[in-house]
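One chain comes next, on its own, written out as structure tokens in the form predicted alone.
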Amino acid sequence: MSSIDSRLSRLQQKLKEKRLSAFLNWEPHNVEYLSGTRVEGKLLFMGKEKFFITTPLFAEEAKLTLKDWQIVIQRDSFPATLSRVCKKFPGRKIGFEASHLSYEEYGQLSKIKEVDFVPCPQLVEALREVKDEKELSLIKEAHTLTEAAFDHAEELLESGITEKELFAEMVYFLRKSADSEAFPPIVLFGERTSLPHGRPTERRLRGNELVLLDLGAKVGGYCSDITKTIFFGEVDQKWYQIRDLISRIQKEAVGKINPGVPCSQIDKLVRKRLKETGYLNAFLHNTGHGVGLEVHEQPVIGPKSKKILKRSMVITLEPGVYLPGEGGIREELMVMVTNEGGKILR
């Protein structure tokens, strides 16, 4: 069974559990996950009946890449096109992606009287949490290329280079070596490293200060996400102490990763250690997140997370300490959940 067939089989099982006949899907990453294509369109999955709805702009490409799907050409509005398909299946209950629907779009769906639409928030996202072997292979390849980007970045560090200049070099390197960058790189110098998601500026690098780089490559649609804080020259001793602290916390957290462990428990451990050392209020975000077709996806490693770790999930661990006006340190690892515990990608 192909990876796509396996995913559709798992989706079919979820639909049976919810007593639904079909599922309507249009979020681009979910469409790619279930069809294996990045062609723009929407999916209506009914088990043996599979419809890919797209405009004339993408019809030829859809026909070439989706041999097992019935290609429906949308020549007017999407609701009108969908209504014509649904008339062939009167009375069916169709689940839809409630998390990705505007109020206006829901109003348009509700006018289609041939079928009943049932909201199913995060249904496909839950399937995407656990990676198959092909997905893991692509994520590992993206990770390897990202590590190479860090090596290249360190070679470019010199007094006078601006954040924007290094940002451009990182984008070029990632687009040349991978399919693309997974997200706009974060490149920050000196006191600006206290901005968790700061954007690059004309700020020039000076000697003896912090450099924070958050980079990710994309390969075959799959992302990587790594952050490192580099010491350019000699910096204040406290930064060495904070970096060592974060490294120890990460190591302890990795040791607690196992299938069946609540994600909130990993976050709780990180916050406990930061509180013990007086840095809890300087930690401004969740401990981590899942990585896959999107750089931020389920499960969230945070205090409110209800998710449980499962084998073959890929998550990040990214504790950070941010001191406004002074600087900050974030170190981000990617970890695969295995039956033997957490395995750091290297």
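Because the structure is predicted, anything quoted here is derived from the model rather than measured. Just count from 1 along the sequence shown to find any residue number.
Same protein, other form: the form predicted in complex with another copy of the chain, not shown, and the subject of what follows.
**Student:** Where, among 207 to 215, 137 to 145, 174 to 182, 258 to 266, do residues come within 4.5 Å of another copy of the chain in the predicted complex by heavy atom distance?
**Tutor:** In the other structure, the partner sits against 174 to 182.
**Student:** Check, residue by residue, if 60, 101 and 196 all come within 4.5 Å of another copy of the chain in the predicted complex, counting heavy atoms only.
**Tutor:** Every residue of the candidate spot has a heavy atom within 4.5 Å of another copy of the chain in the predicted complex.
**Student:** Another copy of the chain isn't shown here, but in the predicted complex which of 168, 130, 254, 157 has a heavy atom within 4.5 Å of it?
**Tutor:** The residue in contact is 168.
**Student:** Flag residue 96 as yes or no: does it have a non-hydrogen atom within 4.5 angstroms of any non-hydrogen atom of another copy of the chain in the predicted complex?
**Tutor:** Yes, contact at 4.5 Å.
**Student:** Decide whether residue 238 counts as a contact residue for another copy of the chain in the predicted complex under a heavy atom distance cut-off of 4.5 Å.
**Tutor:** Although another copy of the chain is absent here, residue 238 would stay clear of it in the predicted complex, with no heavy atoms inside 4.5 Å.
**Student:** Contact between residue 278 and another copy of the chain in the predicted complex at 4.5 Å, heavy atoms?
**Tutor:** Although another copy of the chain is absent here, residue 278 would stay clear of it in the predicted complex, with no heavy atoms inside 4.5 Å.
**Student:** Answer yes if any heavy atom of residue 48 is within 4.5 Å of a heavy atom of another copy of the chain in the predicted complex; otherwise answer no.
**Tutor:** Contact with another copy of the chain, no.
**Student:** At a 4.5 angstroms cut-off on non-hydrogen atoms, which residues of 299 to 331 are near another copy of the chain in the predicted complex? List them in order.
**Tutor:** Those in contact are 304, 324, 325.
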